[in-house]
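Presented below, as structure tokens, is a lone chain in the form predicted alone.
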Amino acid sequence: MWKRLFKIAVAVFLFLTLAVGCWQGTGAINSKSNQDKDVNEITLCESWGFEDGFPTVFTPGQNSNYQAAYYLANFYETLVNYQEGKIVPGLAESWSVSDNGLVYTFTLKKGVKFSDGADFNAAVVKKNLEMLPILLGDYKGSYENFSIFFKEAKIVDEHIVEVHLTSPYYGTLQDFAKPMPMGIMSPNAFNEDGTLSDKLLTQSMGTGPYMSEGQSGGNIYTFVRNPNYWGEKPYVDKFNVKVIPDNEAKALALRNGEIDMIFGSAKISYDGFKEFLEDRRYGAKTSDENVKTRFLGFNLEKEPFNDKKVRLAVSHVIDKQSICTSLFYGIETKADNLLSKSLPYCNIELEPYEHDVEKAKQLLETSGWTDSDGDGIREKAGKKLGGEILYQTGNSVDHDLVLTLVSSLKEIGMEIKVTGLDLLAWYAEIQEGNYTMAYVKTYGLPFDPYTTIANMNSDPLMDNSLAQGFAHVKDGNSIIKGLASLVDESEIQDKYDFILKELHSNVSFVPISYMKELVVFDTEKIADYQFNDQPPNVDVAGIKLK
């Protein structure tokens, strides 16, 4: 009996010795020391978890957090990809479009399997496309227009599928390149009635390079290589996503080795990014492409911003260059157009509204707004000149920018309060029109310019902050809807010229800056990171290890 106890004690001692050696006292996964030295493993971080699982369709009505959509490209693939401004093959090796623009015929790659072992074929593409409008529900058309024009999918043979539209749509292929909501899911991701399976709460069921392994330790999600992946083997075998809500704690975790990378401008302040940029121990990079536009939107139905002179005064008083230099450390560039000229159809010359405080004051004077009592705030007909800026909380850079805007507006006699809300509450207030000004961002690549322009249509109302911008135009909805069904490239360009010039001349929005995506990583573990052509998407396959 004593011999048996002695053997057990020795076994326990050896186990604990090994465990302590591997753990290194960090209290979390330490990606620099793995039990299996042959496994290339890294750890990233997020402010949230994957509680909503891994569907390719996220909507505010069904999901509490759709930021997980930025990880979908690691698990799911699309029929086509967006690269360097062009549409290139994805799960479809080729395609053709009928002369009338109503039928897209996709020839699919052969021998592709989903991570759960199911075969990729025309039948599963048909299933995904047919369920898309149902899964989007009231948000059909919010992230793409394809679901509005989709009529049916027909199987030609096992690897050829025809997609029929009710009307031509010029952005169809661009929409097909969006992992959310166009990523193709396994047939096993659906229940018999077409609804999504509960399996997706813990499993990713795609053809991409990685798959979910599940949650461990309460706040860590683990992902491993998809053994069925057909493409080039990525550098990283396994990655973890650790939930760290506070951005300062994220930076500390990177410095003490708990994590290896911080990805995304929402997860690191520009002050923090600059510190890492100046530290040789770390790599700090920005995307080459402009990702989104920060802008100020007006509710044109409410005073005082139903007056164009007031909107124009706001445009002149905001010192965009100073904001980009001081607040954004020169990482972001001044935006004079709502949509970057680098985007399709958007290379249009518009005369910018330059920073001119005196001109802003003069515009308000001519519009009848004066400071009669000397309190620094202008009045007209007994009403103070003011309003509020509604913005989304959770990002310190956004908060600092809004306060900077308020300070600038006070300089010309406007009393502006700030209201910060979480995403869903912010969206609800915007849709109800319960705001005077809103701090907004465009949808970004690959959604821009298609989705941003499409959502200026108010019937149905998908994004009131954008729809306000074109509400003043006679037959505005018809113009936006008509654009979607154009086939001739010159006609599409003419329509963009009109829309963008009209938005600019009416001062429907005040563009502020063009955003870049950010990434910071530990160079002792990671050699480099290459942003893909949809920079906001986390691309673990773009990580090169030492």
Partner chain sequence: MVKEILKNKQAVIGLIMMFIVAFIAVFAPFIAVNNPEEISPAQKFARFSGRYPLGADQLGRCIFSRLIYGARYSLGIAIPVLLILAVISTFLGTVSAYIGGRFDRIFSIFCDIFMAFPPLLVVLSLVGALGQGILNIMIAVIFSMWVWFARVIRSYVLMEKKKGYVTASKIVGCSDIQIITRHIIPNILPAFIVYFSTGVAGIILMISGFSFLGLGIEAGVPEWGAMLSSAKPYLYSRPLLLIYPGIFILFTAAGFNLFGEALRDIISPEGG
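We call the rigid core whatever largest set of C-alpha positions still superposes within 1.5 Å between the two forms. These numbers were taken from a predicted model, which means no experiment stands behind them. Numbering follows the first chain given and starts at 1.
Just so it is clear, the following notes concern the form predicted together with the partner chain, a form of the same protein that is not shown.
**Q** Even though the partner chain is not shown here, does residue 87 get within 4.5 Å of it in the model of the complex, heavy atoms only?
**A** No, residue 87 is distant from the partner.
**Q** Given that the partner is absent here, does residue 387 sit within 4.5 Å of the partner chain in the model of the complex, heavy atoms only?
**A** Close contact is absent here: in the model of the complex, residue 387 is far from the partner chain, nothing within 4.5 Å, heavy atoms only.
**Q** If we define contact as a non-hydrogen atom of the residue within 4.5 angstroms of the partner, is residue 168 a contact of the partner chain in the model of the complex?
**A** Heavy-atom contact with the partner chain at 4.5 Å: absent for residue 168.
**Q** Taking heavy atoms only, is residue 399 within 4.5 angstroms of the partner chain in the model of the complex?
**A** Answer yes; at least one heavy atom of residue 399 falls within 4.5 Å of the partner chain in the model of the complex.
**Q** Would you say all of 275, 329 and 418 touch the partner chain in the model of the complex, counting a heavy atom within 4.5 Å as a touch?
**A** Verified in the model of the complex; spot residues all in contact, yes.
**Q** Only one of 100, 407, 219, 431 comes within 4.5 Å of the partner chain in the model of the complex by heavy atoms, so just point that one out.
**A** Partner contact (heavy atom, 4.5 Å) among the options: 407.
**Q** Answer with one of 459, 158, 271, 356: the residue that has a non-hydrogen atom within 4.5 Å of the partner chain in the model of the complex.
**A** Checked against the cut-off, the match is 271.
**Q** Where, among 346-354, 360-368, 321-329, 284-292, do residues come within 4.5 Å of the partner chain in the model of the complex by heavy atom distance?
**A** Heavy atoms within 4.5 Å of the partner chain in the model of the complex occur in 321-329.
**Q** Comparing between this form and the one not shown on the rigid core: C-alpha of residue 408 shifted by 2 Å or more?
**A** Comparing forms between this form and the one not shown, the residue 408 CA shifts at least 2 Å.
**Q** Does residue 166 show a Cα shift reaching 2 Å between this form and the one not shown after rigid-core superposition?
**A** The answer is no, as the C-alpha of residue 166 shifts between this form and the one not shown by less than 2 Å after core alignment.
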